[in-house]
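One chain comes next, on its own, written out as structure tokens in the form predicted on its own.
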């Protein structure tokens, strides 16, 4: 499989970031992903006056994944308000893991990494199927 176009994903994430609603933190975030079906999906963060109910960009992205036909994420990029590559928080890493395709790759501030390098020994659906 060819290396995903992370420049294009970063640009899509920057466009999504422009739609973020971040009046409280002043920290807009945009995310973009390539699906196994070839679609590019995006998300932005949406804050709320009740801070705990805000949504991360990755949450919006996974919602778009499901709304536009499902599938698995093969590549992912996330940016801040300056358009710089950032890492998903721990909660969002777990969320992305649920929808990651085999061989999932992520753009990090240190370059492209395999998902296992970012979230080693991750807990996922297979763990729920294991005998206890």
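Every value quoted in this text rests on a predicted model; they were computed, and no experiment measured them. Numbering follows the first chain given and starts at 1.
What follows is about the form predicted together with ligand THU, which we do not show.
Residue 89: touches ligand THU in the predicted complex, heavy atom cutoff 4.5 angstroms: Yes.
Should residue 36 be counted as a contact of ligand THU in the predicted complex, where contact means heavy atoms within 4.5 Å? Residue 36 lies outside the contact set for ligand THU.
Does any heavy atom of residue 56 come within 4.5 Å of a heavy atom of ligand THU in the predicted complex? Residue-level check for residue 56: yes, a contact with ligand THU.
Can residue 45 be called a contact residue for ligand THU in the predicted complex at 4.5 Å between heavy atoms? Residue 45 belongs to the contact set for ligand THU.
Using a 4.5 Å cut on heavy atoms, which of 29, 106, 62, 73 is close to ligand THU in the predicted complex? In short, 29.
Heavy atoms within 4.5 Å of ligand THU in the predicted complex: which of the stretches 6 to 14, 19 to 27, 106 to 114, 119 to 127 has them? Correct option: 19 to 27.
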